[in-house]
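Encoded as structure tokens, the following chain is the form predicted alone, with no partner shown.
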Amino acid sequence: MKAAPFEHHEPTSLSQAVSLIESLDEPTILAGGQSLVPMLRFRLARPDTVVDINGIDELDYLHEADGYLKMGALARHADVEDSELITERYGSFADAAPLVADPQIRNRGTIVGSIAQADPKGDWGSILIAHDGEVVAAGPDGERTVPIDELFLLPYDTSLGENELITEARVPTPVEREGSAYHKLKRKTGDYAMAGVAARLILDEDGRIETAGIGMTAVDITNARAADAEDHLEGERPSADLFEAAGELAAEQSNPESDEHGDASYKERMVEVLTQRALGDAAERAGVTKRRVTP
């Protein structure tokens, strides 16, 4: 099936895009098209106007600057997967990128587009939660930053204003004794997550956990933070018993639904296991000798 007819706009600068979005009636923004293009093909989406931002070169970047890892709105999943910077310094990002869909999708799909879609089964939202990340939104009134914890409201719904678009996602650059990881369970290659967990740990000079971040995928109505598990970890020394207890707390805080891939209790158990594994890898990358727990 072909997409229904729509008006197509191709701005070449961010200012042009912002002006267009303000002037048009309910425009749809196209970046990678990971979700939008299939919806257009099957006519599940029938927008009157599409603003295609792929010609805005200023949004195509992936680099460290001003204390952040910054990902412009046109940074692709494949850019993360192929980046030496990511491989060397951002374990959770390096873990997640090869697990997103398939190579064709990763070559076109964007990190920011995935976050803006606000699909609770998306991977990058959980990773930004674990890293205390934020997004930059641009609109008629200028730019503003939105902490990731304030972005997701409901499935496919965010706190963005009517005429705003996300231009950048960013996380703080890693400090000494920091490590992160992402573990994901999916039925087969190309599937969305049945459950996923991102973890980030920062250790103090004494080897205790100074900061813990845990984001969960596909086990609530949005990407969700496991705050109780984070609180339980902070101030403690990394250990298998500690991570097991954190996994139990994360599972208790998750709220999965039963579906054709498994019932809710199975997914809660997967959160427990994936949390332990992500914390184990994050601790190892922070400098702790690994003692993997294999429940």
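These numbers were taken from a predicted model, which means no experiment stands behind them. Residue numbers run from 1 along the displayed sequence.
This protein has a second form, the form predicted in complex with a small molecule, left out of what is shown; the following refers to that one.
Which one of these stretches, 229-237, 32-40, 245-253, 258-266, sits within 4.5 Å of the small molecule in the model of the complex when only heavy atoms are counted?
Careful reading of the contacts points to 32-40.
Is the small molecule in the model of the complex close enough to 94, 173 and 185 that every residue in that trio has a heavy atom within 4.5 angstroms of it?
Contact check failed for every one of 94, 173 and 185.
Which pick from 78, 101, 203, 86 sits with a heavy atom within 4.5 Å of the small molecule in the model of the complex?
Only one listed residue qualifies here, and that residue is 101.
Here the chain is shown alone; which of 129, 212, 151, 112 has a heavy atom within 4.5 Å of the small molecule in the model of the complex?
Of the listed residues, the single hit is 112.
Would residue 133 count as touching the small molecule in the model of the complex under a 4.5 Å heavy atom rule?
Result no; residue 133 lies far from the small molecule in the model of the complex.
With heavy atoms only and a cut-off of 4.5 Å, decide whether residue 270 touches the small molecule in the model of the complex.
No, residue 270 sits far enough from the small molecule in the model of the complex that none of its heavy atoms falls within 4.5 Å.
Does residue 222 reach the small molecule in the model of the complex if we count a contact as any heavy atom within 4.5 Å?
Close contact is absent here: in the model of the complex, residue 222 is far from the small molecule, nothing within 4.5 Å, heavy atoms only.
So, residue 122 and the small molecule: in the model of the complex, are they within 4.5 Å at any heavy atom pair?
Residue 122 belongs to the contact set for the small molecule.
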